[in-house]
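First comes one chain, alone, set out as C-alpha cells in the form predicted alone.
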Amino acid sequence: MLEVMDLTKKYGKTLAADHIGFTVPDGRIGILLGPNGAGKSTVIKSIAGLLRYKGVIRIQGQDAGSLEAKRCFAYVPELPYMYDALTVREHIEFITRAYGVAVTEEEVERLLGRFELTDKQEKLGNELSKGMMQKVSICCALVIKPRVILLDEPMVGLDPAAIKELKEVILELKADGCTVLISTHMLEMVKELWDVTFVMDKGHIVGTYPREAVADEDLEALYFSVTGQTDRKEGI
C-alpha cells in the first residue's frame, strides 16, 4: 500500500505540490494523470525520496524514508541513468546486492529475455540507446520483487513490443498484490490498466476516480472535463 498525506513541495515561490493526498491499496494500479507541469514528477520524486517535502508518505505502512520501506520499494524514473562502466548484467547484479535479494540465474535470464536484452547484457551503460536504458531501468526495478513500484512516464522511448511487455508485467504485479503507481500524460498508454486515477493540475489533485465509479465514462473525456483542456492530440 502507498499512502500520501498532505504532501507539499515548493521550488522557491512556486508551489509544485499543494497538500496532495491519495492512497493506492495493495493489488491496485493507480494512475497519476495530468498535463506537463502539473506537478506529477514532483510527487513521484518526493515518494522516491529524491526531494525534501512537507507531509507524510508511507510504503506498506512504513515511513517512506525507512529501510523497511526502501527494501520493498522500486522506482523507474522518467530519465533512466546508467553507470558508464557497468554492463547491463552488472547493473542488475549491483541492484540485487544492494537490496540483498536472492535471485536465481533463471529469473535474471527470464527477465532479460522478456525485454529483449539477452544479447545486450554485456553492453556497457554508455553504449545503450534511450530505449535500452529504459528497459534496463525497468529490469532493475523488477528484479527486487517490489511490493510497491512507481513508474514515471515508463513507456516513453520504448518500442511497441516493450510497451506490450511492460503492460503485461504491470498486470502481473497487480495480480501478485503489488501496489503500482504510474505517472503519465499519455492517456492511450494506460486506458486498459488503471484501477484508480488521480487527475492532477497546477499542483493540486483535482479529481480522484475509481474505475468502478466511472465505468461508463471514457478516461480521455474525464481527463479533459476536469482539467478544462481541449481535446488536442498534442496536448495529451
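The structure presented is a predicted model; accordingly, all values stated were derived computationally and were not measured. The first residue of the sequence shown is number 1, and the count goes up from there.
Beyond the structure shown, there is the form predicted together with ligand ATP, which is absent from this document and is the topic of what follows.
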**Message:** On the criterion of a non-hydrogen atom at 4.5 angstroms or closer, are Tyr11, Thr42 and His185 all touching ligand ATP in the predicted complex?
**Reply:** yes
**Asked** Out of 33-41, 59-67, 166-174, 188-196, where are the residues with a heavy atom within 4.5 Å of ligand ATP in the predicted complex?
**Response** 33-41
**Item:** Interface membership of Ala16, ligand ATP in the predicted complex, 4.5 Å heavy atom rule
**Value:** yes
